[in-house]
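Next comes just one chain, in structure tokens: the form predicted on its own.
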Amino acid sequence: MTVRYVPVIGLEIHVQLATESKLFCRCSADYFGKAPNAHICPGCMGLPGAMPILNGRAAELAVRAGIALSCKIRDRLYFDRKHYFYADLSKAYQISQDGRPVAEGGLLKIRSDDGTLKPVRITRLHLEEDAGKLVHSAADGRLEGAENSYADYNRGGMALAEIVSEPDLSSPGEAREYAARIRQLVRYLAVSDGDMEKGSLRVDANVSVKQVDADTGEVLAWSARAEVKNMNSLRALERALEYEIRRHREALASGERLERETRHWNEAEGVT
């Protein structure tokens, strides 16, 4: 029996919207390179009594991107609180859109590896506020070995549009092409500057691999899905997926059982 291994990839792309202030307060959105915690207020810090006020420009930009992606636009905006406890989230919850996103059911066509046009379905585009940023004193900026860790909340509350695709991508090259097209689109529409180095566009990848009988097309096995984070360039996205697909293939070939997990891309070592 001849066996093929088919990657299955979906992307979550976080686009920082080109607004002058944050999503639910009037703090300046021009935070990059500024002194830590210089752009915060009771609203974005979630202090008692502070009430969120929606930034209308952020909603306008999200709708603009949703229309360009051929999404259905919701005529009312709903928000939810996503609770999690981590030091970069001062409120211990994130204001996001769960079951009722501003836009859903879209489509974007890309060039596949063989040069043909391939449709990639857009599950949803929703608005949410960004978290802050942890700064570690270790030489490589990571927590391991750090003597001190600090929280900078300047980024907390920034307006994001998260664009979630269906798992229609079949290779690292297609994933890179799709992310590049999204970046091109939001730049052309003036929705975002799409600068990945500054974090204005961030990509999380969900990847698994299915083992298929090449003769019959029967799916023999699936690897557990892994979510990969910390890819700050298109090249890093491609390299991280190449590594993950290789890891999943080797596990399927050897009968190893992988666990569903979130993994961190280490650019220096080329591993997750």
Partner chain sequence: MQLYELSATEMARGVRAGEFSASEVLESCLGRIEEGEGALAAMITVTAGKAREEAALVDGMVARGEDPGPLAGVPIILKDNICMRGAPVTCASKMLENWVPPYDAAVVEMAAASGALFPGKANMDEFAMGNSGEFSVFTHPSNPWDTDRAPGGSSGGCAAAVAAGYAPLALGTDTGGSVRQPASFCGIYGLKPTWGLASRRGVVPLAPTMDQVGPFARTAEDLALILSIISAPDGGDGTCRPGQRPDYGAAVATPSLKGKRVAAIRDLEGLSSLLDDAVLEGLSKFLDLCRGGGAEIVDVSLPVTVEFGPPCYHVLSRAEAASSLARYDGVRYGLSKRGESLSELYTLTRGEGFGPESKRRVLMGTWVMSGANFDEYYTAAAKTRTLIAREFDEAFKGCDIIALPTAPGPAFIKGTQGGERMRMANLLTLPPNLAGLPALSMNMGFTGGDKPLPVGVQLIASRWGEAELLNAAAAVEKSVGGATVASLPARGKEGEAR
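Positions refer to the first chain, counted from 1. As the structure is a prediction and not an experimental result, all values here were calculated from the model.
The same protein also exists as the form predicted in complex with the partner chain; that form is not shown, yet it is the one meant from here on.
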{"item": "Touches the partner chain in the predicted complex: Ala92 (any heavy atom, 4.5 Å)", "value": "yes"}
{"item": "The partner chain contact in the predicted complex: Tyr78, any heavy atom under 4.5 Å", "value": "no"}
{"item": "Residue contact check: Gly217 to the partner chain in the predicted complex, 4.5 Å heavy atom", "value": "no"}
{"item": "In the predicted complex, Ala35 touching the partner chain (heavy atom, 4.5 Å)", "value": "no"}
{"item": "Answer range among 178-186, 81-89, 68-76, 195-203 for contact with the partner chain, defined in the predicted complex as heavy atoms within 4.5 Å", "value": "81-89"}
{"item": "Sequence-ordered residues of 11-49 touching the partner chain in the predicted complex, heavy atom within 4.5 Å", "value": "Pro42, Met45, Gly46, Leu47, Pro48, Gly49"}
